[in-house]
Ligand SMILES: C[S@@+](CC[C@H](N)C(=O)[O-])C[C@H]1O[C@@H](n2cnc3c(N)ncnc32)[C@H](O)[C@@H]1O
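One chain comes next, on its own, written as structure tokens: the form predicted alone.
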Amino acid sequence: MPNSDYLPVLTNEESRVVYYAGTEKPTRPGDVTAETPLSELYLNWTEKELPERERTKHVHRLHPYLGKYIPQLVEIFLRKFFTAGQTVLDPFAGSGTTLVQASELGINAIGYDISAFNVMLARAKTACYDVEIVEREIRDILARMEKLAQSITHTPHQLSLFDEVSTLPATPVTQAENVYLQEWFAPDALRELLCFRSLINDYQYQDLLRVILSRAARSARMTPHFDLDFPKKPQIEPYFCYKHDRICQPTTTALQFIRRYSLDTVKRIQDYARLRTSATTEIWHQDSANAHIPPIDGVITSPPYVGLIDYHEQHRYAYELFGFENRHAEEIGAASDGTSKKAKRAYQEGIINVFANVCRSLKPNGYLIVVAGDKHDLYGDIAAALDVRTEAIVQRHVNRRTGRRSSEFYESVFIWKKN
């Protein structure tokens, strides 16, 4: 008999599905093998058991990203259901967590995402780098950007900021950019960001440099320090900061963030270079519901949660800086769509379409590991509409989040097997 901490939350004898609560002993991902019983998995890590520095190790913190699952969770199920040389698919690749962890374990990976920003970020994380060139390029562009920004600041003429920077090479500036970027960034901050951007095309690892710039832009916006995730409007006046417990001033420059994230990126790329393998990684800017997916051995993914996040809007600054195609209208479960009955039906249809297409490329008896917050009980019907059988559903208590978004919640790890 299981102990009291492992009593099943719910059992369903008809479908022989057991919903596990977890055991007392925290699971170390490296200890998991194909033979590890699901009943021995402890996935309810506390902050002490799994601190943020481990959840955001190496390239996983190249850029903040709302709604991603932690790499330790992915690693556990990769070790449990996959072996080196096989191919795993993530049809909602997001920031690339599945792809990064697969590469560490020698597992080939394929990812799809409709967000151009997500694709850029995932490619930057999983690329195979010459680390010496990475450091040389980052230090060089940083030095050139500082010199260029200073020369523009000291130019004695009456041209506007956008007139000045628009004359730089490879720096298209549209009227739409004028409105958004000048609204959300102080003049000095915007000048520094645009100067950095104007130099990116001179280097080999351009996606990586764009990620640095995007991360700096996120921090350099005129927003309260405690509200970088969901800012509603620019903060142009001094304000009481809940993060620092004092009156803070709006951000006026970006240079300090560009410097900090440039050096941090060098270290993270170096750290990951020591772990990644020669496994292949492909990332496609396509809708996985209608993409031509090559043969795969299994799936590990975390689809968007219904009515929770607008994935394009959270990186609006990057879309404006780089002119990325905005496909917000194609998002499944966007926050702007809400959680009405109609929205929930549309969400289910969207998820079903993706997994139905995925199953066409999945080998018989291949596993689909789907991590989802299913408080609206939508995934039972989703599974029933697919050519899969439910092997188990592991309930996970997410109780280790910190900061102002610290509410606890449960998410489910659906373990499906193709018929």
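Residues carry their position along the shown sequence, with the first being 1. Treat the numbers as computed from the prediction; the structure is a model and nothing was measured.
Keep in mind the form predicted in complex with this ligand is missing from the figure; the text below concerns it.
Although this ligand is omitted here, in the model of the complex none of Pro64, Asp227 and Arg260 has a heavy atom within 4.5 Å of it. Note on the partner interface in the model of the complex: the residue among Tyr112, Phe185, Tyr272, Phe196 having a heavy atom within 4.5 angstroms of this ligand is Tyr112. With the partner removed from view, the residue among Gln101, Thr126, Ser288, Thr265 that has a non-hydrogen atom within 4.5 Å of this ligand in the model of the complex turns out to be Ser288.
Interface residue remark: Phe92 is counted as part of the site for this ligand in the model of the complex, having a heavy atom within 4.5 Å. Mapping the unseen interface onto this chain, Asp140 falls outside it, with no heavy atom inside 4.5 Å of this ligand in the model of the complex.
Residue contact check for Asp130: none of its heavy atoms lie within 4.5 Å of this ligand in the model of the complex. In the model of the complex, no heavy atom of Asp337 sits within 4.5 Å of this ligand. Contact with this ligand, judged by heavy atoms within 4.5 Å in the model of the complex, is confined among 303-311, 230-238, 216-224, 249-257 to 303-311.
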